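Before any questions on binding or motion, here is one chain by itself as structure tokens, the form predicted on its own.
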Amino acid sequence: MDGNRRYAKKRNLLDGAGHRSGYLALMNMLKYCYELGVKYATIYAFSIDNFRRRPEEVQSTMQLILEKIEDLIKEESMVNQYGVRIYFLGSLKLLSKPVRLAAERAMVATSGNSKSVLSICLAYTSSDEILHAVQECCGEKWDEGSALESKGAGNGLVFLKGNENGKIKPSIVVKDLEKHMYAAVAPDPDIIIRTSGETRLSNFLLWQSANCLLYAPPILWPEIGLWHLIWAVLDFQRNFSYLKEKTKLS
């Protein structure tokens, strides 16, 4: 959701006003998605790299995120109106305690919703997600190997095992890593929308986006509207056969 700060500067707004305008745009876009029958939406709310910004800007953004998380879990919120389950994806331990606890409350409060899924990437980068998945996967395999060794059934090899032909093959495969990804709560995306005309992913869903459509309208995020979403969907439909074929080959 790129361009909030530039939007504020462009209109001579106070600090933080661009992000508040961006939040309103987000709520509208999510409503459009749910009305169109989109079941899964994932948003990039705050990168780990964003912690390098000016402390006062980070603090202001975190306060806004805290405020909006609390709004999302109110009984009359859009989330409950559309039956949306919320997940927060990322290294949540990097967040301040109030924001982290609010995120945990939101996940618990919406756990009974099942019509749609909203994944909010917070304190997230794709490289951190991949590293986390590797660490979790290695730990899991190590525990499995240790359990076998304790029973005398192991062969001293934790990450290698034999198949029916007696050949050695890796015991960690792609599906093992994918199971431990933060974003495993949703299918790989069909479309990634990045505003302000930027055509780079900025460390967002790098693993999951190999075969998705990238749509990069030139407008700033607070300026996005229904027609931009419709155009993205139409462009996806136009390229559907090609993208489906690419998915089969990968």
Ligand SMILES: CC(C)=CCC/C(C)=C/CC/C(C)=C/COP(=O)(O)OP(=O)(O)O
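Since the model is a prediction, treat every value here as computed from it, not as a measurement. Residue indices: 1-based, along the sequence shown.
Note that the form predicted in complex with the ligand isn't included here; everything after this is about it.
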* Which of 211-219, 33-41, 184-192, 65-73 sits within 4.5 Å of the ligand in the predicted complex, heavy atom basis -> 65-73
* Asked: Using a 4.5 Å heavy atom cut-off, are Arg52, Leu89 and His132 all in contact with the ligand in the predicted complex?
  -> no
* To do: Report yes if any heavy atom of Ala102 sits within 4.5 Å of a heavy atom of the ligand in the predicted complex; otherwise report no.
  => no
* Any non-hydrogen atom of Ile48 within 4.5 angstroms of the ligand in the predicted complex -> no
* Counting only non-hydrogen atoms and a 4.5 angstroms cut-off, does Val84 reach the ligand in the predicted complex? -> no
* **Touches the ligand in the predicted complex: Thr61 (any heavy atom, 4.5 Å)** => yes
* **Partner contacts for 1-21, taking the ligand in the predicted complex and a 4.5 Å heavy atom cut-off** => Met1, Asp2, Gly3, Asn4, Arg5, Arg6, His19
